[in-house]
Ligand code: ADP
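Form predicted on its own, single chain, as structure tokens, below.
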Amino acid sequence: MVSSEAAPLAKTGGLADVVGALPAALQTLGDEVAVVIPRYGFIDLKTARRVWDRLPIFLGPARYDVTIYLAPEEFPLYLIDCPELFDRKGLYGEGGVDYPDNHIRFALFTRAALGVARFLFRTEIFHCHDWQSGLLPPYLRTTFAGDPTFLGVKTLFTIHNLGYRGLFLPSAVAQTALDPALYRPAGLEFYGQLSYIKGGIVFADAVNTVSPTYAKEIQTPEYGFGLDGALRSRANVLYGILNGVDYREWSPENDPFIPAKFSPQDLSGKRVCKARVLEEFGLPASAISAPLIGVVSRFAVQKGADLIAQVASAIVDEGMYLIALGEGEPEYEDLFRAMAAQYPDRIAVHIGFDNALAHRVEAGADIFLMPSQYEPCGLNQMYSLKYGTVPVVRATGGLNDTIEEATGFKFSEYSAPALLTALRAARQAFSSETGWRAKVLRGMGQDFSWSRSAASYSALYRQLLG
């Protein structure tokens, strides 16, 4: 697996959770899996073992010497160390601004991943994740087409979020030593730019995304980000496999980050968790008996931040409370700050990422809100079910595939009135203790563990190998 992130070493979102959990699930099925990620500056190498010194990688006239480390995870996890490109504070940028050499960084990364497969872990399949690994399939089809090391090797390209297309100036073709013939509309050219994600879509042997509904949505102009035509042309090898959840990390029965454990048999600990999270966010203790809405999200237009801002006053008028944890685009961070400033006793916000606090929000909230414009899969709604926190979601992508009337509330139209109608339905349901408890217990009984998803991936790998 070739990915820019893998939990717990490097994470900005759900991609890291997938790459951190899926390999272990595949191993239980008998598959041999290794993962390759960049070694970012914040990844400690104390426990890692250096397994390759000074692997030279040439991108045109530029030479980079890469060191490869093996991290002590439950599966082989190789770290590509090139300090001049990756020893930085961020993964992709800082202060909301992308690093200007990202095209070089992730071209080198994919070439180094090929080096891992050549010298350290001979593979039958490269499973590439998102735009950061999108150049690997075209490199294999062109630069390395005659290389016996990769004879018969197949590629699977997984789209975790089509909104991030890896777009760069045409000059990146030469700077990344790509075959110039690739820069054409049927190749990597995208409206006058070079698109890394298109490399995976066009040249991989198969393409998949992380829920069945999203696999259909991205073939439409509404959700295709200009790539719907390219995706429709691959429809015969385009699959939707729902992400799973690592219940070793996300379960209220054994969560080390929450103040009281609870289970379907004994829900009393959930009230303790609610009291704790109200205190942490500075909301009044009297809110314990009112519906508490939780948000853990990247603050971005994709996640419906604008809709939440539009219904903030109605949430307060309806007698509900809101806590939000996340970070993202400055304008949406400001939106949440403004809501909290306007209703300091009813709405509270923590800007930044805090994994332990995310667990406590999941455990302490009564309702979990995900009003996304689009959502390839989404993991938090599945975490919420396990923690007895009833999801209110927009019926898109994986949210539509995982939440049903028996376990949550859905709305279809992307609008504030539609969201408010769903929240009012949840508010009404919350007022019936027995009905609410029944919905909570049905949600806690759902199983979205990785075993089913891993079996689907394993079958797809075997199908690719014929």
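Counting begins at 1, following the sequence as shown. Note that the structure is predicted; figures quoted are calculated from it, not measured.
In what follows, reference is made to the form predicted together with the named molecule, a form of this protein that is not presented.
In summary, the region of this chain contacting the named molecule in the predicted bound form, judged by heavy atoms within 4.5 Å and restricted to 68 to 76, 325 to 333, 278 to 286, 259 to 267, corresponds to 325 to 333. Taking the partner from elsewhere, residue 378 is found to have a heavy atom lying within 4.5 Å of the named molecule in the predicted bound form. The named molecule in the predicted bound form comes within 4.5 Å of a heavy atom belonging to residue 298. The shortest heavy atom separation between residue 165 and the named molecule in the predicted bound form exceeds 4.5 Å. The shortest heavy atom separation between residue 11 and the named molecule in the predicted bound form is within 4.5 Å. Heavy atoms of no residue among 142, 230 and 233 are located within 4.5 Å of the named molecule in the predicted bound form. Of the residues given (346, 360, 303, 103), 303 alone sits with a heavy atom within 4.5 Å of the named molecule in the predicted bound form. The single contact residue among 354, 205, 179, 249, judged by any heavy atom lying within 4.5 Å of the named molecule in the predicted bound form, is 354.
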